[in-house]
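Shown here is one chain on its own, the form predicted on its own, set out as C-alpha cells.
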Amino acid sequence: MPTDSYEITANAKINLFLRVNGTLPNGYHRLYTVMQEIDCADKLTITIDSSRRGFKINCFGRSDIDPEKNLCKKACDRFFSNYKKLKDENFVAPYTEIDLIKNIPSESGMGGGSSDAAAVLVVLQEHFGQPFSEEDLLRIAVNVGADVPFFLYGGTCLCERVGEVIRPIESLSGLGVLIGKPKAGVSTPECFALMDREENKPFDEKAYTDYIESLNVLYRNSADMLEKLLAKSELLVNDLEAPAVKMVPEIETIKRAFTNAGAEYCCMTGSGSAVFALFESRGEAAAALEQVKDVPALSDCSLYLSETV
C-alpha cells in the first residue's frame, strides 16, 4: 500500500470557567467547565506507511518532549490497540511519523498536547475508513487524556465529569483573546493536590445550568455575545486559579495588567499558568496587547493574540 500523508491543525482552548465538585469513584476530579476553542494552534503532518513498523515524532519548537510520553504516541497506541481488539485481530500497526510544529505553550492550561492527540485520532479515523463510532472514538480519546474528547468537537462545549461528557452549545466565535503565559508553568497534579488541601465549597449547579441555557442562543453581534457571557460574572470562576497563584504569583500580575488595559474579563485557563482576557474583537485585543507588551512586570511573560473559533 502507498504511503499516505495528512496535514492537520490542532487548536488550543481556554476554560471560560472551571468548577471542581469532589471526586469520582475512579479517583479523578469531577469537573464542570465550558471549554472554548481558539485559533492559537499547533500544526501536524502525519505520515502513515503500512509497509513499515514503528513510530517517530519530530517536534519543532519544543526540545524537551519525550517521544514515549507524548500524547500523540499515546493516541496512536490506543487507536491501534482498539482497532486490533474490536476490528481485526490480525492487524499490525503501520509505521507512523509525525512532524509537530508547537505553537501552543506547554504547562499553560491551553490543552496543546490534548489537541495534538485529538488531531492524531481524527487522522487515523479517516485513514482507516471511519472504523469507530463516535461513542467508541470518545472512549478512546478519554483514555488518552481528559481534555482530548473536547477537541474532537471543538467550538464551544460544556464538559463534565473527567471531561468526557460533552454538550456543544451555541458558538462564541469571533471574540478577541489576549493571552499571557508566565515563564513558569503549573504542574496539573500538583495544582489539584494543593486545591484538595483547601476547603472547597460546593457550587450551585442549577445556577450554572440556567446560565448555560442563557448562553445557548443566537447572538446579534460580538458585543451582544460578550454582554451575555459576562451577565453572570460571579459564576466565571476557576477553582484551580487560587492554588496555581500560590505556585506562580505572576498569574495575578498578568491579570492586573490585562484589566488595566481594558479587559472586561480575564481568568486563568485550566490548571494554568496562562491567563486570557476577552474582548469584543481581535482588534480590541490587539490594542490591549500594544498597551501591555512593554509593561516591565510582564517582561518574562509570553503574550499571544488570538480569537475564539
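Quick note: we count residues from 1 along the sequence shown, nothing fancier. Owing to the predicted nature of the structure, the values given are computational and were not obtained by experimental measurement.
This protein has a second form, the form predicted in complex with cytidine-5'-monophosphate, left out of what is shown; the following refers to that one.
The stretch from 188-196, 213-221, 125-133, 174-182 that comes within 4.5 Å of cytidine-5'-monophosphate in the predicted bound form, counting heavy atoms only, is 188-196.
Comment: cytidine-5'-monophosphate is not present in this chain, but in the predicted bound form one of C40, L31, C266, I251 has a heavy atom within 4.5 Å of it, namely L31. Distance criterion of 4.5 Å from any heavy atom to cytidine-5'-monophosphate in the predicted bound form singles out A146 from the list I98, M225, A146, C76. R161 belongs to the set of residues with a heavy atom inside 4.5 Å of cytidine-5'-monophosphate in the predicted bound form.
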